[in-house]
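Shown next as structure tokens: one chain only, the form predicted alone.
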């Protein structure tokens, strides 16, 4: 397996967006590229594929012009025979065509049955749901994020199938940019199984850009025969330059194996109780215990407990979190926070007065929901008015829990809009922990983070538990959280199918 190495620089209006050195791409192999959000992984993938607009960007590849790079026969050929799956599916799907029409146009129509690869990414029992998606015109929230990812994944597979069926003389470059970010573990593994099955049939050049280090565990357990065809690397910021470094899979596996469950000391009080079968957006949602027969139960979070709420993509995990925090009004809900009953009729002002920043806080899935883009990093922390953040030493100490010491001096005065996605996420999490409320809700806390940051965030979770704070986790990172949350503290969220009266 040959590897090509690239130094890639991308500028816009004189500002350097990416200066990535030593990016490796395995020819006719599978390359996994990890790294925090905003460090430049997507731009690297687009540069390699030849997608960047020279009118907007100034791009240099291995010191040469982007035009000369794109004009190479091997680059043009791999793009012609390949496919780029965008991180944001709405960038690819046309709102003026039905999903079915888009699956059957252009080079995808060369596949024997372009809908079949999409169908593979749905469970058999969900086939009817897919039938309802094919005739619709894509909208921002329909199909859901997870459904759009499966549609785009199926498009890439259709292109692979067409190449195999026609026995094309040249192989393609297939770039999958965060292809499973909105999928639960079962759907993610189904995607990987289908991808690797096609690779076994025809060895294309595949680049998978992802935050999900848990993929390493699945590859090791279910696709070990392909490890010799795989390369794992990670983009890291070293000073002001992004460097690509080899990432040893065993490093993650050993770290994961060393994780210990966050056990609860018995006898602690229940800080949060939410009755099963709350109703929101016309849907009835139920909680079930992960243990045994997954019997229906209320969601209960005790002081000093880490509780993990799982669900398939789009079911409503974030919605439940927003109902608990009073940010989303439910049609029906019965809950208690620290023994105080609350329901759908409770005015939002009650949450503002008695609970926000006092009894609970929440780190949002999207950091931009919580951060003021015009505020500096230091202002963002000081505005919390937390006792620990009153002086410079306190701010520096808080930043030091999730940022490297050499980053902090230049980071403090930087505006939020200037931060990378990973830096925003770390600041978002710091705000939640800094308030030291009895209950902390973390919605996808590990998204956008690199491996070292993940380890630091989990250390904060463990420290909060030692202080008897309660943590409610919502995450697709099942490989990691299944290792640290005991089964008796794991709940499943699902939608209740309500019979329709005839």
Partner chain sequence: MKVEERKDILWALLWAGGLLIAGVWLVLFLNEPARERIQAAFFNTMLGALVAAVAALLLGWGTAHLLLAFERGGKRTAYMAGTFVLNLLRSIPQMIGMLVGYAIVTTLILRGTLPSPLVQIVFTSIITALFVFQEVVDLIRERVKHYEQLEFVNALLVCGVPPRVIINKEILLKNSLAHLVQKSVSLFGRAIFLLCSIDFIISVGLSTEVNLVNLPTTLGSMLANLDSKQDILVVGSVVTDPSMFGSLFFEHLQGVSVAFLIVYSLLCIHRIAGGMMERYRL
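As the structure is a computational prediction, the values presented were derived from the model and not from experiment. Positions refer to the first chain, counted from 1.
We do not show the form predicted together with its partner chain, though everything after this point is about it.
Which of 121, 362, 173, 312 has a heavy atom within 4.5 Å of its partner chain in the model of the complex?
-> Selected option: 362.
Since exactly one of 348, 410, 200, 268 fits, which has a heavy atom within 4.5 Å of its partner chain in the model of the complex?
-> Here the answer is residue option 348.
Segment that reaches its partner chain in the model of the complex - one of 384-392, 293-301, 204-212, 154-162, heavy atoms within 4.5 Å = Every other range fails; the passing one is 384-392.
Would you check, heavy atoms only and a 4.5 Å threshold, whether residue 460 touches its partner chain in the model of the complex?
-> So residue 460 does not count as contacting its partner chain.
Is residue 132 one of the residues lying within 4.5 Å of its partner chain in the model of the complex, judged by heavy atom distances?
-> No, residue 132 is distant from the partner.
Taking 4.5 angstroms as the cut-off for heavy atoms, does residue 357 touch its partner chain in the model of the complex?
-> Result yes; residue 357 sits at the interface with its partner chain in the model of the complex.
Just to confirm, residue 126 within 4.5 Å of its partner chain in the model of the complex by heavy atoms?
-> It does not: once its partner chain is placed as it appears in the model of the complex, residue 126 has no heavy atom within 4.5 Å of it.
Select from 431-448 the residues with a non-hydrogen atom within 4.5 Å of its partner chain in the model of the complex and write them out in sequence order.
-> 431, 435 sit within 4.5 Å of the partner.
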